[in-house]
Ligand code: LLP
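Only one chain comes next, encoded as structure tokens, the form predicted on its own.
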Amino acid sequence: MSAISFPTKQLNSLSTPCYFYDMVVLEQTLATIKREVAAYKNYEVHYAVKANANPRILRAISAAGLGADCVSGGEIRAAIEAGFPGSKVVFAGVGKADWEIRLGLEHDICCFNVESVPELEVINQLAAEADKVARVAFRINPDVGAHTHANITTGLAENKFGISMRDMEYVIQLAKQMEHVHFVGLHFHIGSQILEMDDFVALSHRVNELQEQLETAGVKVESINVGGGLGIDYQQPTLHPVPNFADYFATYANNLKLRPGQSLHFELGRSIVGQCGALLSRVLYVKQGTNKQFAILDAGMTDLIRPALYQAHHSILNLTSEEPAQTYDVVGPICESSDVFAKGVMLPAAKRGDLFALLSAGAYGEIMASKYNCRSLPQAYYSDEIVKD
């Protein structure tokens, strides 16, 4: 598999900060997913739009035949405009507004992943007004921890997401009494950036327990949705540009006991787009401090917030220097002390105007950019367009 490739001469002419997407890496990732999923006829992958809603990225994923996992009405619109059929759109979120539910009903989406009884009642009411029957799955909080950052763990008992296991049978029976909702399945999601397959094994075992409980109660489940969560290699992205999807899908195949006719749904985001994108930025100044030196970039936390928000690591390249390495704190221009991309990193000696690339920025990069400090949002460029130019 090819790692992201930088045509430095062409990229040097771009205005920075900006995002650069290597469409070859994205295509290889999508091809790998399609190949691995093909071994399991009842598996379906929905792309988590929240990871990156760039229109060109969405169109490429839609063209590959994946579905869409949305958490807002805006994401539903973006998915439909990019070519995702409503029948492959699932809609999750703890706070679905009425207009968002109506939008989902209008497009006859595959499923609403419901997270509370009040939400279920509103969906039933709005579906009745539209003279439709909404397909619903219940997001069950499995109380399964994930080895990841606390801010992106979603499956513990104290998280805001989902319905408790003790209330599962009650809400299913409640749905069965409603005329305008149709219960189809169970939905789970334990967190993001998970690299230990044991976490998915634990989820599989919990799903097995819940399925047995429901069978005892005479409840049939059409589909199981295990969410996403598969992480990427932020430390050595050039060595692992495509995640190990084979092990990921096999983990569920070997541990989750599907019933005859059941479908298994996945909601992958970061693992699909993370490694195809990079944030490009130029050095504004090299500043010598008392005990360290700073490479001050024109990109900041407004363009890539993950390091400030999660203390996340992104590998950094100096694309235009071959000088001996020096140690830098790589920082941005934003008036916040947290506007730091990395501390104490070794990079080829930097000078004003050097072009830096922050790798593994295809997920939760461009989509989370803001206009704080009245800055402009970063533009996006694509490898197939750059090379043609």
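Residue positions are given as counts along the sequence shown, with the first one as 1. Given the structure is predicted, the values throughout are model-derived calculations rather than measurements.
Just so you know, the form predicted in complex with the named molecule exists too; it's not on screen, but the next bit is about it.
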item: Contact segment among 121 to 129, 211 to 219, 264 to 272, 293 to 301, judged by heavy atoms lying within 4.5 Å of the named molecule in the model of the complex; value: 264 to 272
item: In the model of the complex, residue 107 touching the named molecule (heavy atom, 4.5 Å); value: no
item: Partner proximity in the model of the complex: residue 251 to the named molecule, non-hydrogen atom cutoff 4.5 Å; value: no
item: Residue 330: touches the named molecule in the model of the complex, heavy atom cutoff 4.5 angstroms; value: no
item: Any non-hydrogen atom of residue 48 within 4.5 angstroms of the named molecule in the model of the complex; value: yes
item: The single option of 315, 193, 318, 116 touching the named molecule in the model of the complex, heavy atom within 4.5 Å; value: 193
item: Candidate from 206, 306, 180, 282 lying within 4.5 Å of the named molecule in the model of the complex - any heavy atom; value: 306
item: Heavy atom contacts to the named molecule in the model of the complex at 4.5 Å, residues of 307 to 323 in sequence order; value: 310
